[in-house]
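Given as structure tokens, the chain that follows is alone and in the form predicted alone.
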Amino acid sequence: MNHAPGSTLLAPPLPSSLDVASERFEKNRSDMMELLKAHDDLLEVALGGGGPEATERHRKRGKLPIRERIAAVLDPDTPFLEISPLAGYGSQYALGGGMVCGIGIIAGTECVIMGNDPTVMAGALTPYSSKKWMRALQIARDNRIPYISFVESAGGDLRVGKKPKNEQAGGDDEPDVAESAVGSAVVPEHFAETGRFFYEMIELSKLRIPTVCIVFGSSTAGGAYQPGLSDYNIFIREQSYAFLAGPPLVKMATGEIADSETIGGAVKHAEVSGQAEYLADDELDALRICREVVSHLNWRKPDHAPSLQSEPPVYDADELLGIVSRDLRTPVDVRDVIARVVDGSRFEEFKPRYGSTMICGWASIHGYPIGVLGNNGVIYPDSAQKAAHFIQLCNQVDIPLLFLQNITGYMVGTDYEADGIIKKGSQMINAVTNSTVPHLTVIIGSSYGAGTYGMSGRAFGNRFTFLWPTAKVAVMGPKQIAGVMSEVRRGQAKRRGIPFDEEADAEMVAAAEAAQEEGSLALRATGAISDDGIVDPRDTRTVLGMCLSVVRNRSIEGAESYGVFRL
């Protein structure tokens, strides 16, 4: 959609009935602050990597921690949008999974940056770092932005029969690196996953998406193929090593005795093998070279500048803290969220009198046009039809879609089945699936059942998914799950002709409800990397603005498989 430079949408600002002086608002705000405090405390743990001792040992070797490396390569005073910083929460692995990935600006170019944290198990790949690595590759591919990798890894975590400590497990010792070079054949799953990483890296280059690799330390076995498959490689003198087998394995396999520098040091790869395009004197020199490489890529956005004027919302972003209750059964008017995120709080609502539990309309965020879909309750047949219609319209004019999820699912019951809830819900999911404009999703409350599919959940190829601390992700609500299982047990007892123990069942219901409640929490979801991270509600507008800028590295083209039809 084209607009005159500096123009704004003509829609008026949304009215807001939010009572910021109410007891309910204050309770919601207090609960949100408590959740954010717990989240921030966990972020501090993740930022610590392998802990103070491992970090100090790392620094004594003249090396920078991973986040300092990233900060040094970014343009001054530009943000870094970290992806899944709490990966591994609730597991026995270190928070963050021993890897940092995110989006930052290098030499004026938005790039994906993926970096091993060598203070955590010598940068060995865990199930969580592997998922983050794949996500980094996916972001680069889907948004067509350069992929930058900071490699210093012991390879796969091959400790058969051992379980990692339930803490930030530090260590970047050389023996761990040597152990990893034994090879991943003993772990078939890791072997298969590594092959997919290779495929994805090659595909990036095939798609003309540049890949740049800085080797900060050892890059062993399968890890050696990260520079091997990159377009540009930067090695650091007397610090970078890349080889298919380290000294112990070379000795065992061939009888040759040689040190790491002789087998695959930086100078050898720069002067003999030709594996390294650039030889840096130290880490800061390597990061300088990386910036120079990105600067010559001639990377151009097909649609760079926002087409509308950016203006702050008329309502205070701090008020977002008091909108959603910790008890997600409390109704929320999603318009109150929209009014505190979009430019000027301007929102042109689509079909406001029809399908009232689905709020649809046009707005802009930091000058980027956006179509918004938000839940004001369960999805009824008319709400589903309305959403499907709106999604088609946005595809016709190349407008990205923002889904604000607070959904318990599609409405069930005799009357709604007669009204075609399956058919009409499927039409909505079909529209989401066939939509080709970028999708951004923020889960502010519930994300239950098939409703999460209709509202463009992670499985539907949306570009980015973020959670508020109040988010809960599950097949259905905890009470509903526990209640359904109780009804199943009751039915089984009746069929068998045996008495039903009400007291025992009540205990089972309470235990199941508590377990389901714990398992649905935002921290559990983000720990499993089912999203891109939890955001402070006050940062929602900023995060979405960054994402809307990133998606414009790839041309936005509406769907050609269907025109607009009234369902």
Partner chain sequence: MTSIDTLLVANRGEIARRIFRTARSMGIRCVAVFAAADASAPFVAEADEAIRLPGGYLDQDAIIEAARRTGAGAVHPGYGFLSENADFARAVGQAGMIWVGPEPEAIGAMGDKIAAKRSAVAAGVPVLPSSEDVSQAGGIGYPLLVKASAGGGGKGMRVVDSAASLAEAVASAQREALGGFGDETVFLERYVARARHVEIQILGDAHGQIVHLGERECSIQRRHQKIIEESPSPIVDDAMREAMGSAAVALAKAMNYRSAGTVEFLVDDDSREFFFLEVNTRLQVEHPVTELVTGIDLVREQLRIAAGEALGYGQDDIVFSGHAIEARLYAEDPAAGFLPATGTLTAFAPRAEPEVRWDSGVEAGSTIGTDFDPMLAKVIAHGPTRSEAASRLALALERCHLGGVTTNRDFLAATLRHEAFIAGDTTTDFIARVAPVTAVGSRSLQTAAIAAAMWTQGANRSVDRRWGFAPSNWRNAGLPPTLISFDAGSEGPIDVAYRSARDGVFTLTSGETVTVVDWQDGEVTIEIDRRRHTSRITRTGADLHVQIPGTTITLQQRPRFPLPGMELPTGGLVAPMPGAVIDVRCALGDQVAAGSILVVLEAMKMEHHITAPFDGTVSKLSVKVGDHVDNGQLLLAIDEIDQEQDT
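Residue numbers count along the first chain shown, from 1. Every value quoted in this text rests on a predicted model; they were computed, and no experiment measured them.
Keep in mind the form predicted in complex with its partner chain is missing from the figure; the text below concerns it.
Contact with its partner chain in the predicted bound form, defined as a heavy atom within 4.5 Å, holds for exactly one of Gly265, Gly104, Gly449, Gly344, namely Gly104. In terms of contact with its partner chain in the predicted bound form, the residue from Lys423, Lys251, Arg489, Arg288 that brings a heavy atom within 4.5 Å is Arg288. When contacts are defined as a non-hydrogen atom within 4.5 Å, none of Lys60, Ile236 and Glu261 contacts its partner chain in the predicted bound form.
Of the stretches 23-31, 536-544, 523-531, 501-509, only 536-544 has residues with a heavy atom within 4.5 Å of its partner chain in the predicted bound form. Under a 4.5 angstroms non-hydrogen atom cutoff, its partner chain in the predicted bound form has Ser549 among its neighbouring residues. In the predicted bound form, Pro85 approaches its partner chain with a heavy atom inside 4.5 Å. Its partner chain is not drawn, but in the predicted bound form it has a heavy atom within 4.5 Å of Glu110. The closest heavy atom approach of Tyr225 to its partner chain in the predicted bound form falls outside 4.5 Å. Shown without its partner, the chain has Asp75, Pro76, Asp77, Thr78, Pro79, Phe80, Leu81, Glu82, Pro85 in segment 75-97 as residues with a non-hydrogen atom within 4.5 angstroms of its partner chain in the predicted bound form.
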